[in-house]
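Take a look at this single chain in structure tokens; it is the form predicted on its own.
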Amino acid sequence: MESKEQRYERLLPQVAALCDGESDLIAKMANISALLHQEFGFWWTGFYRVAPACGVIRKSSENDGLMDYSEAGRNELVLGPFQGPLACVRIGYGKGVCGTAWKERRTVVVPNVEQFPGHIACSSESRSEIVVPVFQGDEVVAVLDIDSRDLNTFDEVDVCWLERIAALLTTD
């Protein structure tokens, strides 16, 4: 039986092939989430994209009646391609595991989501989680979020390989 590391090692060239020559980030996210979900059977596998937040857009008093997008220009994570049950659509900066990984610009592994302060429970069946930031240059442009129905699913092997997979998304 293949180890988890061997499975990732076998998948990495497939992910690279899916990304090679494809410029559309959402298309790459869709195929990567499907591939990971199918291979590992996770509860939820997908992406949240950094996008402008919904906000109040009003006439600006300073700009000769032009629209003021400053409130709407704040960023939040918006649901992207995924596999699994319904999910939260928007997540604020620094909120939950996804928002924390984005804010801290690092992979976050949560062995038991019940013990994570501020965990956002999109599904009561999620027990452990890993969130990997996706960088384009120095900017976080998305996060890869994977949930498991089991406790303690994710470890340093997942961190290593999922960070490598996430890096392929924005490689030109």
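Start at 1 with the first residue shown and count on from there. It should be emphasised that the depicted structure is a prediction, and the values quoted were computed from it without experimental measurement.
One more form of this protein, predicted together with a small molecule, exists but is not displayed; see below.
Although the partner is absent here, Phe42 lies well away from the small molecule in the predicted bound form, with no heavy atom inside 4.5 Å. Mapping the unseen interface onto this chain, Lys103 falls outside it, with no heavy atom inside 4.5 Å of the small molecule in the predicted bound form. The small molecule is not drawn, but in the predicted bound form it has no heavy atom within 4.5 Å of Leu35. When the small molecule is considered in the predicted bound form, Gly80 lies well away from it, no heavy atom lying within 4.5 Å. Residue-level contacts in the predicted bound form: of Val50, Val109, Ala30, Cys122, one residue has a heavy atom within 4.5 Å of the small molecule, and it is Cys122.
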